[in-house]
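This document opens with one chain alone, in structure tokens, the form predicted on its own.
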Amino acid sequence: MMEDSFQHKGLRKKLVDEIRRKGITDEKVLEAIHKVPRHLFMDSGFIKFAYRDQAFPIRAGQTISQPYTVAFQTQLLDLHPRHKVLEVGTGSGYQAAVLVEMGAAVYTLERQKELYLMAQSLLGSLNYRLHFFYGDGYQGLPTYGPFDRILITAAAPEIPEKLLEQLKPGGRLVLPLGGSGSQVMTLIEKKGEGDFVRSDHGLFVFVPMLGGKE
């Protein structure tokens, strides 16, 4: 089950070449995508498609994001080793694994109990060390902040105020902003308390971010 064969590694190299051609330039991001065995994060019916650059359904009505999208969001974060990162929406755990590969201290938050338990078990078995939380992404993790970087992996209809408060000055928040349909990949840079600069980085499609927990 947990096998990562030469064939898988070869397919990952092809995937990295493909997303490089699509415009991902951060070599650290590409290296992390090359290291993470995406097939182990997939539902069994989709494993043979694991290294296609597309999203696939996982449990609880969620998806594992397209590798290009994961790479794009991660590149926008401009990560440095030992950065403290809050990920809102653990999902399959794939994005979290990429962040850990890049040397980040990852705090990941998931509202779906099934996904929270599944990702914790899988990432633990793959020896990825990070902090898991079950809760409402709109609230963030105030007791563990502030964070150097915050990443939201679901479509947020607005920028969650509490997450802005948990961002360090000099920090970055990346999120797909908008309602159903498509969202604008948005980067918020916190220059100082109450001083934010926003930039837009193209259209993407994500499942909606929901409040509360299930």
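Predicted model, so just to flag it, every value in this text is computed and none were measured. In this text, residue numbers run from 1 along the sequence as written.
Separately, the form predicted together with a small molecule exists; it is not shown, and the next lines address it.
The stretch that touches the small molecule in the predicted complex, counting heavy atoms within 4.5 Å, is 63-71, out of 63-71, 29-37, 142-150, 171-179. Contact annotation: A154 falls within 4.5 Å of the small molecule in the predicted complex, judged by heavy atom distances.
In the predicted complex, the small molecule sits beyond 4.5 Å of every heavy atom of H83. Within this chain, D78 is remote from the site of the small molecule in the predicted complex, having no heavy atom within 4.5 Å.
Although the partner is absent here, Y138 is a contact residue: one of its heavy atoms lies within 4.5 angstroms of the small molecule in the predicted complex.
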